[in-house]
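The form predicted alone is given below as one chain in structure tokens.
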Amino acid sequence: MKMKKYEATTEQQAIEMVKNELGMDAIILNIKKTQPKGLFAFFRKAKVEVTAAYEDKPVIKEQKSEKEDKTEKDSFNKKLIEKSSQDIKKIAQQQETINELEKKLSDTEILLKQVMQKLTVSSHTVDGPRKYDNAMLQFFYEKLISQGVSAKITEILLQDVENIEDLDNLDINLIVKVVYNRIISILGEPKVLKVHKTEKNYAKNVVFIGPTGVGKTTTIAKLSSQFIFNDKLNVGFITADTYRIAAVEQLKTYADILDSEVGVVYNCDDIIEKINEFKVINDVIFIDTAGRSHKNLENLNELKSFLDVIPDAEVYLVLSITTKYDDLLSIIEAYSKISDFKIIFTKLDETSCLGSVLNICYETGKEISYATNGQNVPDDIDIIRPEKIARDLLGSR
């Protein structure tokens, strides 16, 4: 790629110069204000300097190689389809009966042995005085705390058990059932993205927002692969993440493999124009945005302006489960001021503590949807399954 600099009075003028000369595929590398220098600098206005990157020569496919290119792409797509067909499972029922609970908690006996072992030792995983006099309640309290569940929510989970009159004769199976069902209730039913074949000139607009480095672009690739391979839908991609060359190139690579098109936008006018263009041939449009710090109000307001012009946008906030719990709460609070959204958690493969998922659902009331557990596309994504999280929190991995 080559780089070129443009100077203008305002940032918008400079970006327009880039678009007019280099086209919509140019990538903004840097934007900075330049102060005038010299004796009469005081009387001259500051200028905006924009550095843009562009392809030296447009890539034009020769007619004679078109058949060969199509063969290679079909072969690669076939491999992706075969792999996704083998590995992506059908959506399971989200709410289970008590009988299903007993079947899925097949390792209850292991939990019972753990409880009995805890009863024979004096050490505890939680520092300080015991929370409960009852040994089994104390065991589950420590188990949930060790999984990252807050003390407040742990006490709420055990409240119904604590209120049972005959605590000395508590059955461990009863405790598991009560706590399991409370966890399921707090997590709620996951809200998945529903897309169907649409009428001409309409497409569902799905926007992905969140901090930098949480995996928005990879998540988009995983979800779009499922809709393309499983549901046979037409998917278009739009990226507003023009500040990172890697993000644009990564999305273009995925789109090329999936035989889809990518549009690059720089402002609100661009996004409206590109949506109108893409909705003619697509059922759904996935829109990638630049990572925004929840502490930068100016950037969040810019994102809000961007979201406000997208018609009927379904918004997903992408969060890494490895982020500190207090920071997750701050991020959700900040983003809640600019849009309503559902939550996608990434990097579940990088932690063994899922308590933050439960804490966030309880404290914020936000709906959860998907979770990713690796970098493989399209394999490593699934609907968040409350019953699985409940089993993991109770130690039934």
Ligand SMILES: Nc1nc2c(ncn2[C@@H]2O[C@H](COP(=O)(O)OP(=O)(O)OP(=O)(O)O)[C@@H](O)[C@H]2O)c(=O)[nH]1
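None of these values were measured; they are calculated from a predicted model. Sequential numbering from 1, following the sequence displayed.
There is another form of this protein, the form predicted together with the named molecule, and it is not shown here; the text below is about that form.
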Original post:
Would Q13 count as touching the named molecule in the predicted bound form under a 4.5 Å heavy atom rule?
Top reply: no
Subject >> Partner contact for L251 in the predicted bound form: the named molecule, 4.5 angstroms, heavy atom >> reply: no
Original post:
T212 near the named molecule in the predicted bound form, any heavy atom under 4.5 Å?
Top reply: yes
Subject >> Contact test in the predicted bound form: G291 vs the named molecule, heavy atoms, 4.5 Å >> reply: yes
Original post:
Out of 170-178, 300-308, 156-164, 212-220, where are the residues with a heavy atom within 4.5 Å of the named molecule in the predicted bound form?
Top reply: 212-220
Subject >> Proximity to the named molecule in the predicted bound form, single hit among E363, E49, D340, D349 (heavy atom within 4.5 Å) >> reply: D349
Subject >> Stretch 368-384: residues contacting the named molecule in the predicted bound form, 4.5 Å heavy atom cut-off >> reply: T372, N373, G374, Q375
